[in-house]
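Let us start with two forms of the same protein chain, each given on its own as structure tokens and named structure 1 and structure 2.
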Structure 1
């Protein structure tokens, strides 16, 4: 890796850090514009003197600027603060809830990548068949439907109508089926399309036609040559699957009451639990920024042309 490439990656790191800092500032001040958490926690009000004690404990008696400076200093020491609602350290909440989201995410990621790549190769191999034409239309229809609509439909069908799957919470293998299906449906279709388009674009090249003419076989040529050369957009899309799972957790976990990061964030916003809101959004933003950086490095390793373009 040359000096130009190192400088390029350092610039990307700097941009990521500035973006993260901007998110910290935006979330800190915008969350406080929603009002005091006391109104959400104690709708009937507090006894005389309790309000002052509450504000003093959480630093709400100071100006926004002073609160932000204190928060930033604590953040640099790895202190995300204490949840107002749960009276627990935000890091402990993040650790417990992120593990729940990770359990869903691992299954959804594995299912999306496996089914998406297999489906894309299958469609590319049989692109002229009538069944593939129907499958493409069905996939386009499903992809256009928001995942929370699909989640509600699955819940109505399998939980309330057929009564074979639990609709809320987690704890058993059956609880995973509907959330994982909702998480993985869109990414599976997206990966399948990228794989199909990448393969079809590659097999139109002269060297692929030459390989087929030499007797290697159509399927062997597609899997051995065309799929490998179509890997760059697939890698990018696979990375976006993780982003979709992270961002989609807000909706899917809330619909199924799955005790993960997304469900916790929605409840923290409703409760105006500022430390939890700030900690979770910073955590999710850090994952997305780090993932984009790692994907860029991976694409450079797979395709040297990206190295040259970035250095230029």
Structure 2
């Protein structure tokens, strides 16, 4: 690692922190835009005197600046506040539910990356064949179907018609099949698309011709030369997959009643449970920002040209 590279990474890290801070500010002030959060929690009104009591308890009688400092301090101690609905620590809810989402997310991530890459390579190598042109069209069609609709149809087919997969909740390995499939379908297609385009673009380059001319086998040319260079846009796309999984968790967990963060977030929004909504949004945004930072490091490791450009 060069000096410049470390400098660049530090700068990216700072940007990440600023983004996160932006989210914190957004979360903090959005809850105060509509007046006291207490009033929002109890739309039917409170007994006289109780409002002041609550305001004093949560510190809403202080100035915004003071409140923000206190809020930040609490956040740094891992204190996200207390859920109004469930009457317990948001952190406890977060740890329990995020584990459930992670279980799905890890599988979905692994599946979409491996399937997407192998599918993309396959398509790029056999692009003249008839089967691939059909696959191309099918992929384009599947891509324009939103994942909640795919979820519903999988459910209709496998749970209600064939009765081989459970439609709700978690527990056994069978419960994972449909949610993971829904999560990974879109990302798989988009990764395959990028791998295909990347390989087709690199394959016409001179160094590939050289590799072929010196008698390297097809497999070694593709894996050793074309694939590595096609990888950069793919890594960027993997970053999008993380966003897709976070976004998808809201919908898919709701459809399958999977007790993860997405499901919890949707219900908290419907209940107007401010602390939970804010805690989960902060948590998810933080994860996405952190993972994107890691991907950026990965990008640099794959392609040394990037850090030269970045440092310049």
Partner chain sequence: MSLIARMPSAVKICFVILALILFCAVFAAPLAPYGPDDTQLRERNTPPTMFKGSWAHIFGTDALGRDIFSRLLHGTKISLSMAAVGLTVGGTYGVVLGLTAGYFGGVWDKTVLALVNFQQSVPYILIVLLFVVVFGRSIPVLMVLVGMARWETYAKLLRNIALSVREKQHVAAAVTYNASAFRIILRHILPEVRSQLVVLLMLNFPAVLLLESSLSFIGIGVQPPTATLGRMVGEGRTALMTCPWVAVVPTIVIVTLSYCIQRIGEWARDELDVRMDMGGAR
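Heads up, when I say rigid core I mean the largest set of C-alphas that superpose within 1.5 Å between the two forms. Small disclaimer: the values here were computed from a predicted structure and weren't measured. Numbering follows the first chain given and starts at 1.
- Taken from the form predicted alone is structure 1; the remaining one is not.
- Once both forms are overlaid on the rigid core, the distance between the two CA positions of residue 27 between the two structures is 2 angstroms or more.
- On the core-superposed pair, the CA position of residue 10 changes by 5.4 Å between the two structures.
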